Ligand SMILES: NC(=O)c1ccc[n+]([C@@H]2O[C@H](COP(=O)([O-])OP(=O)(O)OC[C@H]3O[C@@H](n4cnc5c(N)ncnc54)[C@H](O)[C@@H]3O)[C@@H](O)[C@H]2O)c1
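Given next, in structure tokens, is a single chain: the form predicted on its own.
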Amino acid sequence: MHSIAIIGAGMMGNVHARAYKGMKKPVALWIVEYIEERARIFSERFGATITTLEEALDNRDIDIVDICTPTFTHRDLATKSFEAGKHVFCEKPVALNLADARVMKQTAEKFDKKFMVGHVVRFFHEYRRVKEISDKGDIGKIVMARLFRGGSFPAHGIDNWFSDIERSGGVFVDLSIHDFDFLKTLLGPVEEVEARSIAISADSSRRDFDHGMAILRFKSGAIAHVEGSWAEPPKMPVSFGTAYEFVGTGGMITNSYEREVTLRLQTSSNQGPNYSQENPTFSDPYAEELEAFVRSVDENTDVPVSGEDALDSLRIALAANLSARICRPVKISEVV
């Protein structure tokens, strides 16, 4: 049985705890949270033992640390955990800069510990279907894509840390990185990014407000438009949503949270046009993600999303931030 210390009893800490408690194999949960009331509620809800970071790292029974804290804390927490002999799952984004991400990856390798980063979109059914359809060639070669992800500003962050781009990275690093990560698994390496952001390019006076758009050009020749938003008014009927269109040489796949039918596949061939639609059965992508991580620990296999994968996705997001700041296209090779 695994003993898992979750660091952070906020939104993602609760999501991860529910996923662990739902696993077929029993796990023992521990919670590290400096706000006593949140730690108490978390402990009662999930049967977790309250502990300190120092106690958790010294506890030989705890073999996995799950980091669900603000991005600017990730490097120190991860490196200390590796040094204490723990495997680490870390929420995305891996870090705020490439130097910190490299240190995390190198420390994991030095101590021979598993290190996975939570790019959970790879585990969402509607995105996995795109990968399956693309791999089968049902819509030919994908040459264009358009993705949206967004809603109201994430005001749940302690000390409003999301509003400080030096601590969150802004909408591209914290939010659109989901789509950047998925796109590179589908279309391969990104060559150039051109982006604009209300918070960066327009010098908005509001800290709790951002909307960004980025054009990605891939080495394959494909292009993608990625839009991320923290600009919708709060307390709307729909507070968050995603959508996509993937256009191939033989058809297209579309998906939107605004439709009852979540996925439409339209293709054409010598036999004429073909149309199909799906409403995927519900599965918990966070549970699948964490089960895959635990399985990699049990079987000593590669994790599905490595430190190197996360570093590459972060590089795209940082290129978007740089492009938004200097208002010109940025080559990925410029971000080092």
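Residue positions are given as counts along the sequence shown, with the first one as 1. For clarity, every value in this text was computed on a predicted model and none was experimentally measured.
This protein has a second form, the form predicted together with the named molecule, left out of what is shown; the following refers to that one.
Asks: Do Glu91 and the named molecule share at least one heavy atom pair within 4.5 Å in the model of the complex?
Replies: Close contact exists here: in the model of the complex, Glu91 approaches the named molecule to within 4.5 Å, heavy atoms only.
Asks: Using a 4.5 angstroms cut-off on non-hydrogen atoms, would Cys68 count as touching the named molecule in the model of the complex?
Replies: Result yes; Cys68 sits at the interface with the named molecule in the model of the complex.
Asks: Does the named molecule come within 4.5 Å of any heavy atom of Asp179 in the model of the complex?
Replies: Asp179: no contact with the named molecule in the model of the complex.
Asks: Applying a 4.5 Å heavy atom distance criterion, does Asp210 contact the named molecule in the model of the complex?
Replies: Because no heavy atom of Asp210 falls inside 4.5 Å of the named molecule in the model of the complex, the answer is no.
Asks: Ok, Ser220, Thr249, Thr73, Ser256: which has a heavy atom sitting within 4.5 Å of the named molecule in the model of the complex?
Replies: After the contact test, the surviving option is Thr73.
Asks: Considering non-hydrogen atoms and a 4.5 Å limit, which listed residue (Leu77, Ala231, Ile139, Leu186) is close to the named molecule in the model of the complex?
Replies: It is Leu77.
Asks: Three residues, Met12, Val120 and Gly157; all within 4.5 Å of the named molecule in the model of the complex via heavy atoms?
Replies: Each of the three qualifies.
Asks: Among 140-148, 170-178, 190-198, 221-229, which stretch sits within 4.5 Å of the named molecule in the model of the complex, heavy atoms only?
Replies: Going by heavy atoms within 4.5 Å, the stretch is 170-178.
Asks: Heavy atom within 4.5 Å of the named molecule in the model of the complex: which residues of 24-38 qualify?
Replies: Read in sequence order, the residues that approach the named molecule (within 4.5 Å, in the model of the complex) are Val32, Glu33, Tyr34, Ile35, Arg38.
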